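We begin with a single chain expressed as structure tokens, specifically the form predicted alone.
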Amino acid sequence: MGPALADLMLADGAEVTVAGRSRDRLAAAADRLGGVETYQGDVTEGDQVRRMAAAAGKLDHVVVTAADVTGAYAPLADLDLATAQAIVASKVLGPWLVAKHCTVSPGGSITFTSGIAAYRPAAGGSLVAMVNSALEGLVRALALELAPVRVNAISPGWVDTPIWDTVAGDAKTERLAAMAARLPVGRIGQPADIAKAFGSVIHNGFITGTVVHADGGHRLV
């Protein structure tokens, strides 16, 4: 979703910086996108986020799409504390650190990434439901505290991204096809769909403290 948003912003003439913890993925993004700055850092590490924010200077818009859900889907009895802490760090504390350290121009925006699990949780998905719900509470609080900087979240539904390689493994294609059949729109989301949702809140100066749903109608079924 991050590279798709970078594509969209570059097409609008924006100056774009892509940050992430994988040097190889950043290099691949720079080669594919062209015209972007890159910064290697881990969103869960406060000192690294602080240094990244200082290097970036004042920004108009910040989007956080980081999510590490490794080991997140399991029965409650099988989940360990270390896994829970890693997921909270990635999905909640990471965005909190970004909001804390980044300097955003008045009227600019910070946009986080929530998810359908906050509304349609699954058995074995308690951690993902928890962190998405917590993130949306953070959005509402920061929209007040950081005003006039706008703070929002996009809540994707089922989207064909590399996360499914981790979650579903070899069954990815079969699982996504079954999911598509359940949705009112009849298909799984694509990264470009979510990028457009991010763009909608970035460009609309009257949206703050809000969760925008890009889920193909998943909350209805």
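Just count from 1 along the sequence shown to find any residue number. Treat the numbers as computed from the prediction; the structure is a model and nothing was measured.
This next part talks about the form predicted together with a small molecule, which is not shown.
The small molecule is not drawn, but in the predicted bound form it has a heavy atom within 4.5 Å of residue 114. Though the partner is left out of this view, residue 91 does reach within 4.5 Å of the small molecule in the predicted bound form, counting heavy atoms only. Put simply, residue 35 is far from the small molecule in the predicted bound form: not one heavy atom of it is within 4.5 Å. Heavy atoms of residue 68 reach within 4.5 Å of the small molecule in the predicted bound form, making it an interface residue. Partner contacts here mean any heavy atom within 4.5 Å of the small molecule in the predicted bound form, and among 160-168, 54-62, 178-186, 27-35 they occur only in 160-168.
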